[in-house]
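Just the one chain here, laid out as structure tokens, in the form predicted on its own.
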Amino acid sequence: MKILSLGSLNIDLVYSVSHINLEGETISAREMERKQGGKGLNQSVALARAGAEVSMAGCVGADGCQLVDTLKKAGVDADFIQEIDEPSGHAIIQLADSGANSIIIYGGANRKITPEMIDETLSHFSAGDYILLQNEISNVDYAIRVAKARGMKVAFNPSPISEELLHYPLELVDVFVLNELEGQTLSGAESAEEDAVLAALSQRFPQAVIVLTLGEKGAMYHDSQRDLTCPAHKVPVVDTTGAGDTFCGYFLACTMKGQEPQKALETASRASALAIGKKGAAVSIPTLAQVESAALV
């Protein structure tokens, strides 16, 4: 069983600041770092470090060599990534002393993925394989339909929220991994309370596995047979960038290896806690050995 991560690759420009600046406010950054990120890249690295056999597909520009190198060094098959005549996607990230972040994304090459590219890539995968998608690339709706028609299992992290997202064929999704805001938007729940959001999601998508991440409150899980919860570990917060992607990649990798959902939640929670303790996105994602040996509260 293989997994294809079809997603974004971004050059992250990370600015260390005292606080996230307010509307109309100008502040100075103490430091600027250039790192590799993008939800697709981060989740691919997490999958590989968790032990999954993962390939990544996407687009970069001529400036994207380091993005591809990062994937290869993590053990990701990067043969389906195409270089095109368009700048790579990038993100401008404010990283506050508290560990909070604020992110602006420019799609670039990520928004140039065509149906033809998707068809060619999916021809290398079979029924029973997984595809993992996010919402930072073009033609996500097409990828969902074609992958499902091939008999693949569709996992979706609906981030960032957009108007077009609400018109995707979400009834075809097998696994949702999403946070409270994304869950409330997709479910249409009037209340932001997590139990109400999860109930509304399960009613709208009764056949799907739903994993609702709750930050410092942990995570919740629902499928047709059970409802589960998993607390978060209490760790010093250095940088929350990429923590959700780490959780997503680890949860799917553990599930694909046959772990019970409760164990997969616990492993993903440990991995994301370790990611929060380091600066950066892809660079902060731990290996499975680190996750298993870490002493966490």
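Everything numeric in this text was worked out from a predicted model, so none of it was measured. One-based numbering along the sequence shown.
Unshown form predicted together with a small molecule; subsequent notes refer to it.
Checking Glu136, Asp129, Glu194, Glu182 for any heavy atom within 4.5 Å of the small molecule in the predicted complex turns up a single hit: Glu136. Picking from 58-66, 23-31, 258-266, 236-244 the stretch near the small molecule in the predicted complex, with a 4.5 Å limit on heavy atoms, gives 236-244.
Not displayed here, the small molecule is approached by Asn42 to within 4.5 Å at the level of heavy atoms in the predicted complex. At the 4.5 Å threshold, heavy atoms of Leu198 stay clear of the small molecule in the predicted complex, well away from it. Although the partner is absent here, Ile118 lies well away from the small molecule in the predicted complex, with no heavy atom inside 4.5 Å. Among heavy atoms of Ile81, none comes within 4.5 Å of the small molecule in the predicted complex.
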